[in-house]
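Next up: just one chain, as structure tokens, the form predicted on its own.
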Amino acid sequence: MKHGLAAGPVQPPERADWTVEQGWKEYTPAQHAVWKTLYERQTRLLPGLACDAFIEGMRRLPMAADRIPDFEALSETLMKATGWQVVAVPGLVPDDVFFEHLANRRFPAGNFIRGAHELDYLEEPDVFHDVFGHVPMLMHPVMADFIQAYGQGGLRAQKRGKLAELARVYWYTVEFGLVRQGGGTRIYGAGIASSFSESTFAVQSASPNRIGFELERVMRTHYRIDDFQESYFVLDSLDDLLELAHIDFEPYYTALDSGPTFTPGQVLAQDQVLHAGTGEYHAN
């Protein structure tokens, strides 16, 4: 995620909106090879784990195994489908810049790619996480509207001093969200979809909790940035994001001025528990 959930922002570039040229022609054969390794193993893994909307988005986008995608080609396809575009940034950007881009249907994507020694973990989101993980779902009209609304809401949450609480909504949906499908749970969150090991952990492992999504519960729940999630929140349908896209958050912010916050692995009596996790992974 771009706003304060990993390392701090890099030095500001020349442009006020922090965008840079992607520099596609400057990628080396070794960098394209890293993309190829990541792309091929995820595309083999995700059928049956990722939701239909993610797989369909992948199919319709100009992505291939042999090269890092060109942001201009991605934007051309996205613009026709949902009015979004991908803009290159050098790394993490300030909160207000991030929200401003999302509010105007621009998705800021890192233009760098991890090294061959970092295939399974990277602290700062790179082009594989941002493009492979996020862009397929931007082809879905509901997710496209939700992320724009999140950008608009983020600017308001900043002024209200409730950015941490709103960030949890993004984390447990756009980054690490699951949705019911076909009698089970499927991935739609980019943080899971771009991770080889977390893709199977989130859906198949007995260790994490899988809990029905409830907005205030999510806004009170901390998350893990250093490891797999201890709990995943599950939507009944991607259409549930439509309600979140148009909700008035002010009553929730007022409620959150007092009351508890919850640890990542905590299960509450009122939770709709779809799977009670064993907790074995994090205990070990």
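Residues carry their position along the shown sequence, with the first being 1. Every value quoted in this text rests on a predicted model; they were computed, and no experiment measured them.
The same protein also has a form predicted together with 7,8-dihydrobiopterin, omitted here; what follows describes it.
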*Ok, Phe98, Phe132, Tyr188, Phe146: which has a heavy atom sitting within 4.5 Å of 7,8-dihydrobiopterin in the predicted bound form?*
Phe98
*Could you spot which one of Leu92, Leu178, Met137, Ile192 gets a heavy atom to within 4.5 Å of 7,8-dihydrobiopterin in the predicted bound form?*
Leu92
*Does the trio Pro125, Tyr150 and Tyr170 actually contact 7,8-dihydrobiopterin in the predicted bound form, every residue with a heavy atom within 4.5 Å?*
yes
*Thinking of 7,8-dihydrobiopterin in the predicted bound form, which stretch from 70 to 78, 196 to 204, 114 to 122, 84 to 92 has heavy atoms inside 4.5 Å of it?*
84 to 92
